[in-house]
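Here you get one chain, nothing else, as structure tokens; it is the form predicted alone.
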């Protein structure tokens, strides 16, 4: 009897701790994400092939006459900000696609949307460069968006024919492989030396982003993030089913179009400036669900954006420093960390009897 009493007290104690943790989960989770965001952002400013101390990095940030000004601001900061904005955009795009397809494995890379954007963008850039014209930021985003929408069109057409989500994912992967193969073929057989350099972009990197690109990225990603916030209520209703959303007054057809357009714009912006980046759009939303134990859009939208930013900052840091002075593609690093998470999600769905 005493043993049972002690077990009951221990169980009650653990239950009490669990309730306390659940009560502070939300502020604690966002505090951890923000601390990680600022911490890894500053780490990216300090780390590199040229040694820079913390005081040197701070001096380079705030002192225009500092000898470290160029390396801190024009080499490192100019890729830290895109890593934050584009990483957040990619994770948010993945969350929107997962909401659209009601499946945690859906994402712009896995469904072939990023590869479609890469294909059209590559052909556009090669077409302009062969005529001695350098495409501007608006052209890059427009071409990427067109490619993303074409790939999304194929995926949607397949989704009406295929009932199993696993088959849709496989078809999306095949679309991605086809687009990547065509892109690689076009780039490899290009004559112009500037076009051949597109191969590095096609592997995924923040290295070629310039300050004027950062302004365009912010002008695209931040408004898209704000619009997504305004869609929080219909997203929450849609997560409970189309019928429930209609009963709540949501125009389902218009809402689905909005999800596609927002996801396409976000993933197109990423592809336009950093190339295709793998698995972030799938892995980060899943990690945020595990961290916050919720699907609520008002929590998941900022959580996914912050989580994607932190994820890409970490991966870019590894890509730059792991084998310095040689640099890895960002997509290679994100695949190493993101692919196992996708496998775990698939195994969990299989265990739960998901399709």
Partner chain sequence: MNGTYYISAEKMTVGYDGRPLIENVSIGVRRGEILTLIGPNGSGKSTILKSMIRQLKLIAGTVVLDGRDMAALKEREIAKKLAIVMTERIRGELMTCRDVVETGRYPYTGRLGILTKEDKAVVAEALETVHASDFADRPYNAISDGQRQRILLARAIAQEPEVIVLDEPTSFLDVKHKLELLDILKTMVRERNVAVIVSLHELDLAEKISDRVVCVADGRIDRCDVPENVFRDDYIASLYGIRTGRFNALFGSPELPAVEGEPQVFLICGGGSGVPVCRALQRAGVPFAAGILPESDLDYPVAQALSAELYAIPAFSTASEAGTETVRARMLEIGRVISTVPTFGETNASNRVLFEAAKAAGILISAEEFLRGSDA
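Numbering follows the first chain given and starts at 1. Note that the structure is predicted; figures quoted are calculated from it, not measured.
There is also a form predicted together with the partner chain; it is not shown, and the following applies to it.
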Candidate stretches 143 to 151, 211 to 219, 226 to 234, 172 to 180, one within 4.5 Å of the partner chain in the model of the complex by heavy atom: 226 to 234
Contact residue in the model of the complex, from 73, 159, 239, 137 (heavy atom within 4.5 Å of the partner chain): 239
Residues 244, 247 and 298 all lining the partner chain in the model of the complex, heavy atom within 4.5 Å: yes
Close approach of residue 205 to the partner chain in the model of the complex, 4.5 Å, heavy atom: no
4.5 Å heavy atom contact, residue 102 and the partner chain in the model of the complex: yes
Contact of residue 69 with the partner chain in the model of the complex (heavy atom, 4.5 Å): no
Residue 52, heavy atom within 4.5 angstroms of the partner chain in the model of the complex: no
